Every structure is written in C-alpha cells, then in structure tokens.
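As structure tokens, one chain now follows by itself in the form predicted on its own.
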Amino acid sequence: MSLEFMITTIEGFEDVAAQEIKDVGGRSIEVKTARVFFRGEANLMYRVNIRSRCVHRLMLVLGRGQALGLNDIYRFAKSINYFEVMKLDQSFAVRTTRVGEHDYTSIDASAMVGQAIVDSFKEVKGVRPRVDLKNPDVEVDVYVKDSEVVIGVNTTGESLHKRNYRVYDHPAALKTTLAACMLRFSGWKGEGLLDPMCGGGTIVIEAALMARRFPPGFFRKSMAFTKLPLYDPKVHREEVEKALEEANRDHFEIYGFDISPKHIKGALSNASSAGVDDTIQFAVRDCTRKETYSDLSTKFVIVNPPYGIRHGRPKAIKDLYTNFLKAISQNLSGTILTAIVGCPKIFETALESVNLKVLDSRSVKHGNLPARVYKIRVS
C-alpha cells in the first residue's frame, strides 16, 4: 500500500535531503521549504528513520488541505481517519508548527485538532482518548503554512539529528544533519577529506559513518513508530539487518585538526563513541599556517569556521578567513573547499583577496542563525 510521508530538514538543503529520500526508495517527491513530501510503501517508515542522515523527522501524512481559520482547521481535522494510527487505550498529543501570519496561535491550532480527534473517537468508538502532553503514545503533528494545513503522525520521535554518539559538547557544535548535507553538497564520495577546524569532530565523524555506510538510526534508543498500530517488528528488524549488512569497516583518509587540545580530546571521545576513531586522524594544528597542510593530499576540505558573531570581532574573523584560505591555497591546490559561514560578506572579501572563485553557494539555517554554505575550488 502506497503511503504519503513528509520529512523536515535543513532549510536551504531541501534538494539534498530529497535526493537522499530518492536513494532510499521514495518516489513522487515534492520539495517545499524545509520539508519534502514523497510516497512509498510502509517499509520506508523504517528505512528513512534508520538510514537517513539529512532528515530531522519523518511524518506519516494523514491529510493535506486548506484552512483560513480555526473552524476550517477543525473541519479538516475531523474529516481524517485516526483509527489506523491510534489505539483506544493510547494517549496522544498534538504539536503544531505554524509559518506565516494567522489570527490564531500554534496552541490554538493544536487545541482545535485535539478536539477534532476527541470528537471523532467519541462519535465512532464511543470513547474519549486520553491526552498526554508530556509523554504521549502517539504524537499528531500539524504543519500550517499560510492557508496550507498538513496533519500527520510523527514516526521518529526526537529529531534524528540527535545521533546519541556525542559525549563531548563543543560550544558551537554543528548539527549532524547539517554536516551530512554539507558532505553530500560538496560532492565527496569517500576520498581524502580534512576538517581543519573540527571542534568536536561532527563533520569528520559524519563523513566516516557515511563512508562506512553505517546507519545513523542505529544509535537511537527509541523510535516513535514502534507505538503505532501499523508497526511490524519483523519488517523493522529486517530493515536494520539490511542496513548493517551493507556497512563496512574499511579505513578512509579522514583528518580532523583543531588549534585547541581540549576540542581535539573531545572530538576523539565523540569519534570513539561513534565507533569510527580508527579511521579518523586527529591532531592539534593551526589552520592558518601553511605547514599544517604540507604532508596532506586530501581532495576535499569541509569546515565550519568560527562565526565571531557573539564576540563582535569582525577583524579577527576576517584575518582568520584570509590566513586560512592563503594557507590551503599554497598547499592544497585543486581541492574542493566547502565552508559554512555566518559572516558571508567578510568571507567573500577574504576569497577575493586570495583570488578564489565560488563554484556554488546557498543560504541555510544553522540553528536559528542565518548562514551561507560555499563550495570553492582551491587554486
């Protein structure tokens, strides 16, 4: 039976996430801002949650419609069949994400959908389902953008970017999903790779897991789909086993440098927790010095340099960008550099000073911060 799904992802990298969904078997793909719709068989619910690196949450779509106000939302929500995704003895909660201008709040929308669910159960089953806002068995998700309304069930639970291997928290850690999107965007396919400002090691750890084809969902302690009536433990187990069979323990040329011994120690702890410390070489090195790169022949550099926004030091950030770009230009000519920066104008000025050309770039969201990702051929 073909089902409709919706994933949420990094704003600005929707096309990257859509390609990943296509790779795992999704079809009829429709790209929207920060989300992707697609269709597939029921086993995609397991496959996406187990294998996807660029996805935050996977929703099983129950209905898509239009609503101009709360009464319209109630009528639309009331028309949906919830009985295949919720048992009589299960509790539920409604979570609403709202984008655009409305004369109601997200809390108002959640309350209206919740009332529609209660009324549906009372009319058809003669019972009132339990509401549990803190720890529900089933989470009904509502997405409202302008007049568009999507209602579905969260099959993931907590966002997939929380891989559960991180034991050391860098103060400016990159989301694992954003790191994975950058890796795919760069065109990297397992060749030599370096992050010269690796911090807690997110980029290189995600690279190692990707190269080894290790399913990131394996780190998860629980998935929301296990509480749904349509959950099939046998199919779930088979999908996990297939993913693990495709994984490898090969060694790859992956390097993580940082000027901070503390961060390198933390990155090594994270890599060990993820089971990839044997294929990542960490070292304390200064990214702005040309000798840092003299013994390397990597084909890709992927980096999340400091933004400097909180510290208000634009000159220090400009000098860092410029000296870093000069150093890699002197030693890693021909390399593809992919960088995410929070100060695009400063970075572009630094690129011009070193005479480096941008191959591609796009605006993304790094948490709540606007940022820009650049892909550059070093020359």
Ligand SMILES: C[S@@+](CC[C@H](N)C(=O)[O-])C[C@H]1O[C@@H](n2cnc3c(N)ncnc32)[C@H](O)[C@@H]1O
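The numbering used is simple: start at 1 and walk along the sequence shown. Small disclaimer: the values here were computed from a predicted structure and weren't measured.
Beyond what is shown, the protein has a form predicted together with the ligand; the following relates to that form.
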item: In the predicted bound form, segment of 72 to 80, 298 to 306, 239 to 247, 153 to 161 with a heavy atom within 4.5 Å of the ligand; value: 298 to 306
item: Contact flag, residue 288 vs the ligand in the predicted bound form, heavy atom cut 4.5 Å; value: yes
item: Any non-hydrogen atom of residue 320 within 4.5 angstroms of the ligand in the predicted bound form; value: yes
item: Partner contact for residue 258 in the predicted bound form: the ligand, 4.5 angstroms, heavy atom; value: yes
item: The ligand contact in the predicted bound form: residue 112, any heavy atom under 4.5 Å; value: no
item: Check all three, 88, 122 and 128, heavy atom within 4.5 Å of the ligand in the predicted bound form; value: no
item: In the predicted bound form, the one of 102, 184, 170, 227 near the ligand [non-hydrogen atom within 4.5 angstroms]; value: 170
item: The unique member of 276, 193, 140, 174 whose heavy atoms fall within 4.5 Å of the ligand in the predicted bound form; value: 174
